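What follows is one chain in structure tokens, specifically the form predicted alone.
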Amino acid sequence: MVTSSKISSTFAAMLMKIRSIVSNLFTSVLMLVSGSRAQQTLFTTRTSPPKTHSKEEKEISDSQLTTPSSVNYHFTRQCNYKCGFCFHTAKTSFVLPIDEAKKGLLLLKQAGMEKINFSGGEPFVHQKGDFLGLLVKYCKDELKLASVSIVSNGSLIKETWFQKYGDYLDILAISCDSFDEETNKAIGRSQGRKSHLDNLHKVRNWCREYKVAFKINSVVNTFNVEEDMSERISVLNPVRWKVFQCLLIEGENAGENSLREAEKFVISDQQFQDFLDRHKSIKCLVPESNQKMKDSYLILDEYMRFLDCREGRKDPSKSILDVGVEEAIKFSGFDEKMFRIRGGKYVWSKAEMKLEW
């Protein structure tokens, strides 16, 4: 006969066994579910498409990758003129040996340079233009740059220079701030009795003869702000007429250690705009306000250091000859977006301009 206590004991044992089975089953199911979720997460991570960036994110990313597509190399500070607003004055007479200059230009080419602009000072001062000519030839003939250009006051250029180096030059820009000789003299854009305007027209004719694109640069200041240059510019017919607003740079044309006192040349933004409005019929006019100038130019000085002008002075990087282009350009202050906005990239090869000489 089975007692009630024995039945109770057997029932309790069975109940414990059932609980154990249910517990083990629940644990297995939980592990299976967890494992499936983990595996699903891993699978999703491995196979999900790369994140697509918004236009704004892409612009920010692109702005961090600075390519020196267009570079202005001020290889000398020496000049035969004394323009009162000059912002790259003759504080030194240093010029790199030509082999070192070529080495730096090669580094820039390898970093993505497509256009080089030689300036000063006056670039035709050093070695009567032969140093400049050899660099022009090197950049076009050996580096195969799309565009090689020069900014000059035009006073020292000889026809023999065009005969030797004209084939290698795409653009020659002559600085001219007024079509009145007395105004040019008041500004300091003159030397002795030589006529700046006579030189301008002479060089313009040589550019046509030797197939070099002709350009004019003008700085709007208190001496020429009321002038109307429309007719004269139309006659000269440059491919571009760059019109700059007079800019103060501490240590160059303003401040205690400067070689110029350009404060008296400064005009307001409204005066600059009025000048532009007066010349709006000139299709080749390219205006450049102070803000555009400070941020959107890659400038190399005579030591091949990039110059940061954002704070109203020229803060130099280390030379690209010492640290390379990629490292030096980080300290250039260059705004690539502003460079594009101001039209820094244009048809700058004379072969592509399709000019009628």
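The first residue of the shown sequence is 1; numbering continues from there. Remember, predicted model here, so these are calculated numbers, not experimental data.
Just so it is clear, the following notes concern the form predicted together with a small molecule, a form of the same protein that is not shown.
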property	result
In the predicted complex, D170 touching the small molecule (heavy atom, 4.5 Å)	no
In the predicted complex, S149 touching the small molecule (heavy atom, 4.5 Å)	no
4.5 Å heavy atom contact, M113 to the small molecule in the predicted complex	no
The small molecule contact in the predicted complex: M293, any heavy atom under 4.5 Å	yes
Candidate spot S178, W241 and Q273, all three touching the small molecule in the predicted complex (heavy atom, 4.5 Å)	no
Region of this chain that lies against the small molecule in the predicted complex, out of 158-166, 82-90, 102-110, 225-233 [heavy atom, 4.5 Å]	82-90
Contact residue in the predicted complex, from N199, S119, S258, N184 (heavy atom within 4.5 Å of the small molecule)	S119
Answer option from L135, L285, I267, L247, heavy atom within 4.5 Å of the small molecule in the predicted complex	L247
